Ligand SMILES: Cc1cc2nc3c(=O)[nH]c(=O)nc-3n(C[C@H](O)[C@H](O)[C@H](O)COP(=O)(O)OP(=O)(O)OC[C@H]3O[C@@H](n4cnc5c(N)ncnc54)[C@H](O)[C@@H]3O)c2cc1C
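Only one chain is shown below, in C-alpha cells, and it's the form predicted alone.
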Amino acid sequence: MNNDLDSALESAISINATEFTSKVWDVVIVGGGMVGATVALGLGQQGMSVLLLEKQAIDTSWQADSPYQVRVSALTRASEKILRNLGAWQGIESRRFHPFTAMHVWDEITPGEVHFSAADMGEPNLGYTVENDVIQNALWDQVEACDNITVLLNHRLESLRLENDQAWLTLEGVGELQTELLIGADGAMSQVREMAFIGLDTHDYEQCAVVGCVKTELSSEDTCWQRYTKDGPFAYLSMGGNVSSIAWYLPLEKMQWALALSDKDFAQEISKASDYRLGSVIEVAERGAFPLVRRHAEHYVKPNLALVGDAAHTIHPQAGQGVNLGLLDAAALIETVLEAKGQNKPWGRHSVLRKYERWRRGDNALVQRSMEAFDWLFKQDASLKVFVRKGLLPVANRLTPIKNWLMGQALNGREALPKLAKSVRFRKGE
C-alpha cells in the first residue's frame, strides 16, 4: 500500500465504522506481520471472513537495487511449502532470496568442525535466506488480492472480553467488534496475551543479537558459517556471492558498544569474530541489535482466542528457527479451524482450539530447550564442557547418517506436519 491508499482507506474507515461493528467476523487477527498475514491468507483463501488489524500499512513496492535489510530469516523447506501453497513464494522469487547448500560449524578453542551438505542429503539446498521485509511484502501482495480479508489500520486495541461463545474487542475510534475467534499475532509483547490474562514463562539469556548485512573479500560459497566464540555464536548467512547477513551474539552489556562502532571498526570486529573465514569485511550496511529472551505462554488458547508466533513463544535465534516455528503455528491453526468449520463445529470452541495447542506447544518447547542446551554447551566457561566439545564435534562430523537425519528434522519439521507444510496443494474443501 502507498501513502495515498493508506489515507483513503483510513478516511473510508472513519466514515463506515458500522461496517466493522455490525457483523460477527469469522476471525479477527491482531497483528499483520509474517505469521499473522499467513493465518489471514490460509483462512481468507478458504472463504472465511477475516478482519486483519495492523498498526500501519505495509509498503509492498520493491526495487531490485533496494539495499539489503537488517533482519533476515533462514527459511526451512516446510516454511517454503507453506508460503508456496498460499501463493506468496512467487512474490519472494520476484524480489530477492538465496538458497544455501551447506552449513559449517566450528569452535574457537577446539579443533572440531561439523559440515552439513545438501548434496550429502540428496537435497537441492538446505533452506533459503530471505529478508523479513521481502517475506512480509510477498504475503501482503496476497492479502490485498483476497476478497475475504478486510484490513483495518491504526486503531488501538482498548479492551477485550471473552463471553457467550464470542470474543468482543473494542478498538479506539471504531467501537466494539464481535468474532468467533480472536487470534493474537501481535508479537513478543502481545497486548492480546496480556488482556487475556495468559501467563508467561521467561528466561533472560543476558545476550543480544547484532544483525545486518555485510560484504566480504571472499564468497560465502552458498554456505552458512557459524563459529562459537567465548562471547557467543557468530554466523554468516549466505545472501549470495560476497554478501552475507550476520548474526553476532554478544553479552548484553556489549550491545550499545557494537551499535556505536564506526563502520570501519565494526567491519574489523566482524572479521575477527568470524576468524577471517571469508576474509575481511569490506563493506557494512545498516545494523541493528536486540536483547535475547526466551518467552513461552502458559497457554496458547482460551475459548474463542488463540496465540501464534512470537505472541506465544520466542526462542534463542542461533539456529534461525523463530520464524519457521511461527509459520508452523499458523499452518496448524489454519488446519484446526478449517477442519472444525468443515464439520460444522464452532471453531472458537476451547476443545477445538486445544488440538492446535497440543499440536504445537510441545514441539516449540522442545526446540526452545534444545537451543538452550547448545547455548550452555558452547559457552566457554568450564574445562569439562571444552573437553566434551573436543570429542563431540569430530565424532558428530563423522556420523553422517545421524548428522543428515538431524538436518532433515530441522529442514522439514519434526512433528506431524500441517497440510500447508506438505508438498500437496491445500485447496478449498480439502
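Take the two forms, superpose them, and find the largest set of C-alpha atoms that agree within 1.5 Å; that set is the rigid core. The first residue of the sequence shown is number 1, and the count goes up from there. In this text the structure is predicted, and so the values were computed from the model without any measurement.
The protein also exists as the form predicted in complex with the named molecule; that form is not presented, and the subsequent description refers to it.
S.K.: Which of these residues, Gln191, Thr170, Ser280, Ser117, gets a heavy atom within 4.5 Å of the named molecule in the model of the complex?
M.R.: Result of the distance check: Gln191.
S.K.: Which residue among Ala209, Ala196, Ala273, Val105 has a heavy atom within 4.5 angstroms of the named molecule in the model of the complex?
M.R.: Selected residue: Ala209.
S.K.: Trp257: heavy atom within 4.5 Å of the named molecule in the model of the complex?
M.R.: The answer is no: Trp257 has no heavy atom within 4.5 Å of the named molecule.
S.K.: How about Lys302: is it within 4.5 Å of the named molecule in the model of the complex, going by heavy atoms?
M.R.: Taking the distances in the model of the complex, the answer for Lys302 is no, it never comes within 4.5 Å of the named molecule.
S.K.: Examine Gly348 and determine whether its closest non-hydrogen atom to the named molecule in the model of the complex is within 4.5 angstroms.
M.R.: Residue-level check for Gly348: no, no contact with the named molecule.
S.K.: Under a 4.5 Å heavy atom criterion, is Arg354 part of the interface with the named molecule in the model of the complex?
M.R.: Arg354 lies outside the contact set for the named molecule.
S.K.: At 4.5 angstroms, heavy atoms only, are Met34, Asn132 and Asp310 all close to the named molecule in the model of the complex?
M.R.: Affirmative, all three are within 4.5 Å.
S.K.: To test your reading of this chain, name the stretch in 119 to 127, 226 to 234, 86 to 94, 71 to 79 whose heavy atoms come within 4.5 Å of the named molecule in the model of the complex.
M.R.: Selected range: 71 to 79.
S.K.: Using a 4.5 Å heavy atom cutoff, which residues in 45 to 72 contact the named molecule in the model of the complex? It's fine if the answer is none.
M.R.: Residues within 4.5 Å: Leu53, Glu54, Lys55, Gln56, Arg71, Val72.
S.K.: If I superpose the two forms on their rigid core, does the C-alpha of Asp363 end up displaced by 2 Å or more between the shown form and the other one?
M.R.: After core superposition, the displacement of the Asp363 C-alpha between the shown form and the other one stays below 2 Å, so no.
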